[in-house]
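Consider the single chain below, provided in structure tokens and representing the form predicted on its own.
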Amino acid sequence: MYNAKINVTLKKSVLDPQGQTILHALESLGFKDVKKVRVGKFFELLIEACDRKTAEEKIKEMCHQLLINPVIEEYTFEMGEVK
């Protein structure tokens, strides 16, 4: 079993209106030192696979088929073995 933590973010070239809204809200609350906010998604999966390589391949497949929009998003993931 493997535990995967997947972080999904918008590509740098994609505007982030939600991040801009949060930035303006933080500024209005007095947090003037925040200069940029980007919003993303986080997934944590417990996956059964015979080895680490197979688990990584399955995670990449899940990301490309469902979890991300490859046109506007990118992802990174960390994975650890659960004993």
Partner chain sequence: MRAVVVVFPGSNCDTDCFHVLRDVIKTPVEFVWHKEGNFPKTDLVVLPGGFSYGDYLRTGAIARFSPAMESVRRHAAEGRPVLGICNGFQILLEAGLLPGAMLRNKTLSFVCKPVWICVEDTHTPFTQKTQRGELLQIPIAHGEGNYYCDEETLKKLKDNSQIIFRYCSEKGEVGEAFNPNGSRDHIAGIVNERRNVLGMMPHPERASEAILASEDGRKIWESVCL
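Numbering follows the first chain given and starts at 1. Because the structure is predicted, anything quoted here is derived from the model rather than measured.
This next part talks about the form predicted together with its partner chain, which is not shown.
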| request: Counting non-hydrogen atoms within 4.5 angstroms of its partner chain in the predicted bound form, say which of Lys36, Lys41, Lys32, Lys53 makes the cut. | output: Lys41
| request: With heavy atoms only and a cut-off of 4.5 Å, decide whether Ala25 touches its partner chain in the predicted bound form. | output: no
| field | Exercise: Glu73 in contact with its partner chain in the predicted bound form, heavy atom 4.5 Å | value | yes
| message | its partner chain is absent from this chain, but in the predicted bound form, do Leu10, Thr21 and Ile68 each have a non-hydrogen atom within 4.5 Å of it? | response | yes
